[in-house]
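Only one chain is shown below, in structure tokens, and it's the form predicted on its own.
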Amino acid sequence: MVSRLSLENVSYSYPLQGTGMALRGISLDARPGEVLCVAGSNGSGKSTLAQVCAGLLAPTSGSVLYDGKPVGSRVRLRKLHRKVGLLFQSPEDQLFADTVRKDIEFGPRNQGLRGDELAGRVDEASTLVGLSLEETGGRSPFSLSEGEKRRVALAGVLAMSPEVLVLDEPFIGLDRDGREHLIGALSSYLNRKLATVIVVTHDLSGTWPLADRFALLSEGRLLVIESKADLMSGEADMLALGVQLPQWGVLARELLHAGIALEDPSDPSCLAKALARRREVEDGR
């Protein structure tokens, strides 16, 4: 059974920077098996939140709880590091080995895996992200494209088989094919393991197909947590929060506020039918 990751009234201030609180009284519960999208603009505290969730930063105040118990002691912190995987915003911050295979092996090897078990874990993670180790395993990760570097970094995290996966702006710099590949990899991982995924982002287009709930963050404060339906029909001012709805999302909101029902706002055929219904309503006036 996957354990629960929660934050209780967490605040964080970077020492010696004098920039105020990066996080302010955040309470958040990531449910087992769900994809939670934390959305906000640059400077809203997203990356800080991601690192607090992964145990890389200790809260200035408040508590991080894993399996219902505060993460305070070194023993509890080591357990958190084994169970929570973090994908950094920049893959260069995560890659360091001289070959792709060694980079992906690093995490599970530190977990004590050896031999066939280690090889199987590395092969499984590489396959999930669409990476061919026959072609890239012996190459330096720094010789790869940005999209390939991100796949290697993600494979290294997945190879540790985390129960909670935290992704910091995972879609930055990816083209449409790269986004679809990443979404497919995450979907496959979720299908194989009852994992929890937390995605922090300023752009909802990549996360939308996967996300179950959305948490909106502004100036270090958590403003609201909503489902997809609530986010679309609600009154939260996304632009004021610096969060980009996909183009279809803007249109879907207009239709919903006009009283036109939508089964799936991200489905072009549903949008087309809804537009046709709106024209019929307008023509009938």
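All figures in this text were calculated on a predicted structure; none of them were measured in a lab. Quick note: we count residues from 1 along the sequence shown, nothing fancier.
This protein has a second form, the form predicted in complex with a small molecule, left out of what is shown; the following refers to that one.
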Answer yes or no: in the model of the complex, does the small molecule come within 4.5 Å of a heavy atom in every one of Ala22, Asn42 and Gln89? yes
In the model of the complex, which of the stretches 222-230, 34-42, 248-256, 58-66 has residues with heavy atoms within 4.5 Å of the small molecule? 34-42
Although the partner isn't part of this model, could you tell me whether Thr48 comes within 4.5 Å of the small molecule in the model of the complex, counting any heavy atom of the residue? yes
